[in-house]
Ligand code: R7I
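Below sits a lone chain in structure tokens, taken as the form predicted alone.
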Amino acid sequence: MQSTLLSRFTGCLIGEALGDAVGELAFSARTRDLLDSEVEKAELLRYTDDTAMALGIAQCLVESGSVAPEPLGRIFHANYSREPWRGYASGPPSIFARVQAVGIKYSEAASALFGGRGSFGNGSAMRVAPVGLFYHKSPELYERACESAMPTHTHPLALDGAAVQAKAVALAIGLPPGGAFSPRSFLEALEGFARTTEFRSKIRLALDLILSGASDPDAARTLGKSVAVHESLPFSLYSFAKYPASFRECIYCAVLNGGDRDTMGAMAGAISGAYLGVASLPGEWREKLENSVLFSELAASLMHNLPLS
């Protein structure tokens, strides 16, 4: 049981990084054949800020057992300062600069974005997978996922999106390995967990698209694929729920249909890796992933420091 859980924790973190890295390549290699070729030619599969921030959350959980916004914000800030080239969008750097210049809290700077509405970008959900792992049995999962968003995202949609993605990871861990998978049960559980009408309706729509046999390009156009969390996370959920048995097919669905490819790959990859376990991820991809030992070490540390349920 412990070995299975560790495999799923490791699969989740590595799955996120692989989906992120392969998705980044898909911005230029936009067909399956081209993407296969680019992955094969790559000496190193390099992840972006999506995974870097997920590692920051895992680091915070291991060090403090929580994702309180200010300590987490400091970790995000330090990691950005060390590796600013990871591909961060404008939001986090502007928050970090304002905190440093004015001395306010990270969550306060985040809430001032976009005219005081806060960001509803998918950055809150792209990095939340370690929260789904750490709190997978906790009734506090929703609140802890929201906490992890607060250093950079305070809009209700961003908070709900982070919670839905964390719940998807938690559900994936709890499903029997190799058992029958029900897209209906999985997506209906997420629909019931979501608290905004936008996410409830999009998750229901994702299920309807799967049950009706819609094509993946049509599903992407219908659900959305932009940097807005409610226009990219639903398609990532669709990608996993339609292709639960194959990590590769799940990722190709998430990244080869346009839009914010690396982030949709990261979100879908985290769920798929949590469900399938690390051994089911493509070995030739895992061998090329940068810092792969770090992911395994953090997965083990998260598992060994789980809160009492």
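Note that residue numbering begins at 1 and tracks the sequence as displayed. Given the structure is predicted, the values throughout are model-derived calculations rather than measurements.
Not on display, but discussed next: the form predicted together with inosine diphosphate ribose (R7I).
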*Heavy atom within 4.5 Å of inosine diphosphate ribose (R7I) in the predicted bound form - the one residue of Ala189, Leu175, Ala89, Ile104 that qualifies*: Ala89
*Quick one: does Pro130 come within 4.5 Å of inosine diphosphate ribose (R7I) in the predicted bound form, counting heavy atoms only?*
no
*If you check in the predicted bound form, is Phe181 within 4.5 Å of inosine diphosphate ribose (R7I), heavy atoms only?*
no
_When the contact criterion is heavy atoms within 4.5 Å, does Thr263 count as touching inosine diphosphate ribose (R7I) in the predicted bound form?_
yes
*Report yes if any heavy atom of Met126 sits within 4.5 Å of a heavy atom of inosine diphosphate ribose (R7I) in the predicted bound form; otherwise report no.*
yes
*Which of these stretches, 30-38, 59-67, 245-253, 45-53, has heavy atoms within 4.5 Å of inosine diphosphate ribose (R7I) in the predicted bound form?*
45-53
*Can you name the residues of 115-130 that have a non-hydrogen atom within 4.5 angstroms of inosine diphosphate ribose (R7I) in the predicted bound form?*
Gly118, Ser119, Phe120, Gly121, Asn122, Gly123, Met126
